[in-house]
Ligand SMILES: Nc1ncnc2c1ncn2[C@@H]1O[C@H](COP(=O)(O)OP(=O)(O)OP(=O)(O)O)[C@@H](O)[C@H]1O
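The chain below stands alone and is given in structure tokens; this is the form predicted alone.
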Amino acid sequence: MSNLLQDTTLQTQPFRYYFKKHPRVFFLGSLSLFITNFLDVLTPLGVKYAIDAVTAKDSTKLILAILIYVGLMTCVALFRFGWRYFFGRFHHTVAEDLRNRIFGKLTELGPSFYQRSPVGQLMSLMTNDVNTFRMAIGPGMLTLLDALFLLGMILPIMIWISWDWTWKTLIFIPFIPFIMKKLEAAIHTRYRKEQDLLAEVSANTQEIVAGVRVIKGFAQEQNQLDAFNRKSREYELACNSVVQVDALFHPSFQSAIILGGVSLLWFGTPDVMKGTVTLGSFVAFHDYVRRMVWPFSAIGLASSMMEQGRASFSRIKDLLSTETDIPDLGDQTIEKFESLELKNLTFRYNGAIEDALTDINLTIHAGETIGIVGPVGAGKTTLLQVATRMYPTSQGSVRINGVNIDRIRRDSLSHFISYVTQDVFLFSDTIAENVALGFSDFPGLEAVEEATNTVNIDQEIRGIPGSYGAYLGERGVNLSGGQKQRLTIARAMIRRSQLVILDDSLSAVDGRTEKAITRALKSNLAANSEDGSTKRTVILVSHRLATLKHADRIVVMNRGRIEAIGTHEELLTMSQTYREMNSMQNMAPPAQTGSHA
């Protein structure tokens, strides 16, 4: 309950949440700032006494005034270091916490979220929006406190020197709050629009960079440049719109203070000339009037930064408040895989008008090798994603060892399942680290070499400069498609998971290499798992029937339904789809027409 309450406070009052979460460092920074300002506002009084000592030709008081002034400035420098240090720690800690929260949230959300959220927008959220909020809660709050401290210290001293001069020089100040309120509202709206457009530019940039080969292949450089320039121009206009309002803050506040300075010269000079006020008091008071420019300007600056921070946090809040469609609410763990059962399973993607899966019934037992085939769009990948809880089950059920998959903890699922998807992804790291991705601690080069031997890529890796220590480019750009696929399979094999799923993971390798890999996989997967008791289970999706020919059972899918289940020989009789695929791939002459499943 407390965590839920904290998250609610974060989303409704983010500034208050982080002040309470890191009270010590925020308090020490604020205290150091308070002492700095207190000592700093005393320096004009030191100048006052020095001038009065010179006027009175009192050398003793002059030396004392100089010593006091030097001492004050030394202490100011020391405490100024303090507030810079503590406030720096504070707002960078806040930024780290927010980035971690966003990253954690992104790991909770399922594939459906990423289908509607461009990567560039998420990158903008984690970088630009987090940084803008950091500037608001750090430098922005620091600036506001600085202004309030100075106002609370300077104003009493001004009144002490001369109440008459004080009200005459500050008479224009009451108009400032009304101006501030109007400007803050305008900045919040305009800055939110600016950040939204920045996210669109980031998303468009990421898409262009990722698809640059396609753009060049179709000679679309100029068209893409024109489209990017339009988005960039929209963002520029939005930035200018924010600047137009933001630029009014300082002149609005400074004009009121400048008029106060003019009033002091008009009303104060006669008092000095009459001798009712000393020259030192006049100089000190003028210094305080000049110093009043910063607090009121700072209030405007801080308000602008904090409104920008609130606008950015509203975008962050939208993400943090997004509900995942696959919440991790399970309370059970699975130590040993025994069976996977799909019963009356029907699934439809959000926004779709037709079911992607319809009335699926399938049971897979431990130790089996199951092949899945079917035409493009038959639902093969969808079946695997629903079966591994990447998408929620809407109708029917998915059970592992007889337990509904919704009741199994996510970390328990990932412990015994290795899923190699169609979308091959390698990180900008060494080859060895990419293969050992599933381990918290590096398992050792020997284990990595064993896994790569399994998928017949060890010798190719040794031919690369740097061998297993060679760094891969982004998404493994310096490798061929077949090499990338085999590395991702090795990544699954090294974990020795009880259930291995290969979703069309051999499509980019030639037939000879595929046969070598399947033979090695069959031999490797027949080995017992770590506990020494259970043969690993394999689900293999492929468009090549030769890859699946020796599977224990082959599932034929068509239009989201299971058309037939059987061995290769049985399906040549049972399934029209399988016969057609077999005929096209020339594995064997088409079997005579028989009964259909």
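Values in this document were obtained by computation on a predicted structure and should not be read as measured data. Residue indices: 1-based, along the sequence shown.
As for the form predicted in complex with the ligand, it is not shown, yet the points below apply to it.
Participant: Going by a heavy atom distance of 4.5 Å, is G379 a contact of the ligand in the predicted complex?
Facilitator: Judged by the heavy-atom cut-off of 4.5 Å, G379 is in contact with the ligand in the predicted complex.
Participant: Whether Q115 contacts the ligand in the predicted complex should be assessed with a 4.5 Å heavy atom distance threshold; does it?
Facilitator: Output for Q115 is yes: heavy atoms within 4.5 Å of the ligand.
Participant: Is H543 close enough to touch the ligand in the predicted complex, meaning at least one heavy atom pair within 4.5 Å?
Facilitator: Flag for H543 set to yes.
Participant: I'd like to know whether A356 contacts the ligand in the predicted complex, with contact meaning heavy atoms within 4.5 angstroms.
Facilitator: Although the ligand is absent here, A356 would touch it in the predicted complex, with heavy atoms inside 4.5 Å.
Participant: Looking at W83, F296, Y391, F416, which is the one with a non-hydrogen atom within 4.5 Å of the ligand in the predicted complex?
Facilitator: Checking each option against the ligand in the predicted complex, the one that comes within 4.5 Å is Y391.
Participant: Let me know the one among G367, G438, G110, P375 whose heavy atoms come within 4.5 Å of the ligand in the predicted complex, would you?
Facilitator: It is P375.
Participant: Pick from 348-356, 185-193, 490-498, 90-98: which stretch has non-hydrogen atoms within 4.5 Å of the ligand in the predicted complex?
Facilitator: Going by heavy atoms within 4.5 Å, the stretch is 348-356.
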